[in-house]
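One chain comes next, on its own, written as structure tokens: the form predicted alone.
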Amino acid sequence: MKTRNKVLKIILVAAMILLSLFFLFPVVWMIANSFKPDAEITADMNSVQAFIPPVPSENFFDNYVSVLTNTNFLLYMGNTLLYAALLIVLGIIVNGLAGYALAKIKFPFSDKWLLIIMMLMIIPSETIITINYLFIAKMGLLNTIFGYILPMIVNPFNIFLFRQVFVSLPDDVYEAAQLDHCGPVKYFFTMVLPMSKTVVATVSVFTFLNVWNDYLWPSLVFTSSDLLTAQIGLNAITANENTTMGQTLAAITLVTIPVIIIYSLFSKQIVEGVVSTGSKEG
């Protein structure tokens, strides 16, 4: 029986590796061709060479150098990282406090609020984007960083994630903290969040990916080129007639790298966070 289970495990792992390679083909092709001139990309299109990068030479990074020096791509990436950092910090504070209130504080209609939040989770963001735009426009916040991040701070899904984890936190820890004159706010930041590192990491990663991949909302809010995000900058670069195919692939690779790094570093936390939130009662 042990031998049979071992063989089945090996077959399963091999099948998963082959399947993952199948899904990785576009990424491998993109990275390999991002180092090539257009003529070489076209020549290798129908051969295995399309998945093999060229031999390193003095012109090896020409496409990347051209994208980084002849465009504002670094500025766009820096802007996106700034917006993501702000939204991660504000989102953890606001959504975390809301989730903690729903999990631990008894107030009128708390169960109804939880139901409303769960209903909001199924509403596509595209359906309320016009309302958000009109709201930001009326406040005179168009083309400002605050106008961009304000509608994105509160996230029903993140509130639900926090609430599901906070429900399981022991109440006696808070009672002990009260004996040391620790107030609710101080307790939340010094005890609750450190005890919930998994969900904090999960929310941080999801927030980063949402900001990094967002195109529609920043394209509505921003008109100044100094405030544009990576996705809008990528579209501007790839839509330029003077941009070569190799430069386009290099720009797409640069946008993809942070996502790959985030998933590589925090994939375990993402899975643990989602699984843990789905296993809580209440």
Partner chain sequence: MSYIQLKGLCKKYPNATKNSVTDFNLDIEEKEFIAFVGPSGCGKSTTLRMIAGFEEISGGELYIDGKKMNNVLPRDRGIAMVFQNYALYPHMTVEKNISYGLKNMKVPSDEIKRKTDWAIDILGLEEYRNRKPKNLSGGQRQRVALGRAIVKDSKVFLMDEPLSNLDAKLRVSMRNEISKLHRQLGSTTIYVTHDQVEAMTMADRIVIMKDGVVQQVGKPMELYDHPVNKFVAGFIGSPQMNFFDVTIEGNTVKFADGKQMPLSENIINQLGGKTSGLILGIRGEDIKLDAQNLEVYGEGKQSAVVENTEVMGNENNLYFTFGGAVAVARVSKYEISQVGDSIDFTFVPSKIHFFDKETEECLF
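All figures in this text were calculated on a predicted structure; none of them were measured in a lab. Residue numbers count along the first chain shown, from 1.
Below: the form predicted in complex with the partner chain, not depicted.
This chain is displayed alone, yet in the model of the complex one of Gly140, Pro108, Pro194, Gly78 has a heavy atom within 4.5 Å of the partner chain; that residue is Pro194. The partner chain is not shown here, but in the model of the complex it comes within 4.5 Å of a heavy atom of Lys186.
With a 4.5 Å cutoff on heavy atoms, Lys112 does not count as touching the partner chain in the model of the complex; it lies far away. Mapping the unseen interface onto this chain, Val167 falls outside it, with no heavy atom inside 4.5 Å of the partner chain in the model of the complex. Mapping the unseen interface onto this chain, Leu134 falls outside it, with no heavy atom inside 4.5 Å of the partner chain in the model of the complex.
Heavy atoms within 4.5 Å of the partner chain in the model of the complex belong, among the stretches 93-101, 153-161, 124-132, 169-177, to residues of 169-177.
If you take 65-91 and check each residue for a heavy atom within 4.5 Å of the partner chain in the model of the complex, you get nothing at all.
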